[in-house]
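Only one chain is included here, represented as structure tokens and corresponding to the form predicted alone.
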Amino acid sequence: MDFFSLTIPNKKEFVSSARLLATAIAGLSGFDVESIEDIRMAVGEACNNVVVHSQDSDKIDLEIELGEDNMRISVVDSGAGFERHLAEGIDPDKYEGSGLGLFIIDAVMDDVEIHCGDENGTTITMTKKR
């Protein structure tokens, strides 16, 4: 298993760096074009969530584990965390506000895990299978 990591400032102008790293690794590892686009979108949404919702975190950590048959990506912040159950009651077809990033991530990735600590930030771990 290969491991990659990148730490970027929690600023919108650096989100593209995280997307570029993830898509470059996916492309070099044999993922098809559709899967690469799914990975790009999911990483962008996860990082944008940090930028918008976790201003008290000064950085975003991107961790990528490349396995034989999958790519596991974690986006980690050190902000205040959130309560995921508050988003679970939202119907994405009728919702008109911001905050659809988690629905998009769930739709394009094969597995998504979210771990939130009270004061320890949030980790979104996404897996894409080949």
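One rule holds for the numbers: they count along the sequence shown, beginning at 1. Note that the structure is predicted; figures quoted are calculated from it, not measured.
Missing here is the form predicted together with another copy of the chain; even so, the following discussion is about that form.
Participant: When the contact criterion is heavy atoms within 4.5 Å, does residue 112 count as touching another copy of the chain in the predicted bound form?
Facilitator: So residue 112 does not count as contacting another copy of the chain.
Participant: Is residue 16 close to another copy of the chain in the predicted bound form, meaning a heavy atom pair under 4.5 Å apart or at it?
Facilitator: Judged by the heavy-atom cut-off of 4.5 Å, residue 16 is in contact with another copy of the chain in the predicted bound form.
Participant: Heavy atoms within 4.5 Å of another copy of the chain in the predicted bound form: does residue 117 have any?
Facilitator: Output for residue 117 is no: heavy atoms all beyond 4.5 Å of another copy of the chain.
Participant: Is residue 80 close enough to another copy of the chain in the predicted bound form to count, meaning some heavy atom within 4.5 Å?
Facilitator: Residue 80: no, not in contact with another copy of the chain in the predicted bound form.
Participant: Which residues from 5 to 19 come close to another copy of the chain in the predicted bound form, meaning a heavy atom within 4.5 Å?
Facilitator: The stretch touches the partner through 5, 6, 7, 8, 9, 11, 13, 14, 16, 17.
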